[in-house]
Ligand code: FUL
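To begin, one chain is listed below as structure tokens, in the form predicted alone.
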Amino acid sequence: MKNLSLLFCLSFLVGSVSFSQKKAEPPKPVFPVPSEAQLAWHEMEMNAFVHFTTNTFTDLEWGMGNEDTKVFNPTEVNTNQWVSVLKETGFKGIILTCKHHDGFCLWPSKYTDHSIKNSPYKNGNGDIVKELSDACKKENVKFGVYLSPWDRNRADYGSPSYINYYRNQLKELFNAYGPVFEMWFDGANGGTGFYGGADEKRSINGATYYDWPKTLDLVRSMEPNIIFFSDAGPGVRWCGNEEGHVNTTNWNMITADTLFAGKPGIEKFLGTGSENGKQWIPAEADVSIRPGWFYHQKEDDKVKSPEKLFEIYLTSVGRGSLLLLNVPPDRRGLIHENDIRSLKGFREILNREFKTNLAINKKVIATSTRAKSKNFSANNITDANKETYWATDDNVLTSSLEIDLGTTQTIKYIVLQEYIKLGQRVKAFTIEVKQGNAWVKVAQETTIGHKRIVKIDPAKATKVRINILDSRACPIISNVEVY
């Protein structure tokens, strides 16, 4: 009898454990969700753009395509300097304008004479694309390419043969200079140009002319995990402006009914995205450190200040986007001293403002925890492990998280992150701080996504409370930091 009783007790315990494990299953994804390549892109947070071509020497932003290749003559090109400065100040990837709208190629393309091979640079033996690609590899910085679909130099632009030309150049770039993490193309397509001497205006149908699906498949065959940037993706989308910010509500999803850049009216929703979007296509916020995209000496005193760059950071990375900051080399082929000074000042602000996380390993209490399981404990949000998270039961869409800071602290920023591998969920939240015996609301916001940085008026408090007011499905928070 004793053995039977013991056996019964053991079987009951086993059954109880199994039942508990079943109840504590992780939440199901809320689609769409990011690909592995998109997840890696989110984690980069800050990348650099490098605009460099004949425009640097003609003082133009958009060359006409009739520029003499001999004007491209930098005297001190040092791509190691570019990479060193950008890496030191926090940028994880660099995208180079291998060919802008003027058609001049920064590599010795065998498909055109309008390239660096016919410039004085290194007596025609230079290759800026290779120099930068090699420098990036050396410093473990990711390398990306911009190849303008528009070409104001080509006589055959607008005809089918140009598409073969464009694809041949993509083959040159991806086969010789990889790996390439991102391919960038924008909405400037068609207009006035030199076009091999025609000097006329040409229009193309952006929806059909480039046959983007076939072109993108070609690139994927060479670089399977490539991220494509254009107005509407398909990898990442434009933010709808060139000022480096997304809207305070920023969904990583849109419904992409087009792959071509330049669709009229597209800016209206790109900075916000769509809560019900069918594809995960997050926003990339592009902006230049100077008024122009290419270097102009007259703008040496107009470089954005460290404080302005920090403001841009908060409204891009701090709203779940990625910041793409353009830093154009000067006519020497170097990042200008003024730009370097501003970048280093920006880095100093970031290091100072986010130096000490006051919430690290602090105790957290939640009003609801999934299956009451420690696998989804509220303490997961302060453990500095982004792979652990707090979650509620499937039918619980609202909840509160209370972080005890242990002592009175001055708070300026609250950083929140969702576990986006399972989708973006939170639609509305507030933040309160405890001052004495009273809770004071300091912020009312909407989306979170990969990262949300909420800046508040400095407040002295002992606790921070995050109230999830609405969510597309049970909320999942992987990380909260307090500064």
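Residue indices: 1-based, along the sequence shown. In this text, all values refer to a predicted model and were calculated from it rather than measured experimentally.
One more form of this protein, predicted in complex with the ligand, exists but is not displayed; see below.
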property	result
Residue contact check: residue 293 to the ligand in the model of the complex, 4.5 Å heavy atom	yes
Interface membership of residue 184, the ligand in the model of the complex, 4.5 Å heavy atom rule	yes
Distance check, residue 57 to the ligand in the model of the complex, heavy atom within 4.5 Å	no
Distance check, residue 51 to the ligand in the model of the complex, heavy atom within 4.5 Å	yes
Partner-proximal stretch of 135-143, 314-322, 95-103, 385-393 relative to the ligand in the model of the complex, 4.5 angstroms, heavy atom	95-103
Contact test, all of 40, 251 and 418, partner the ligand in the model of the complex, heavy atom 4.5 Å	no
Sole residue of 176, 222, 155, 188 within 4.5 Å of the ligand in the model of the complex, by heavy atom	188
Of 353, 76, 242, 199, the one that lies within 4.5 Å of the ligand in the model of the complex (heavy atoms)	242
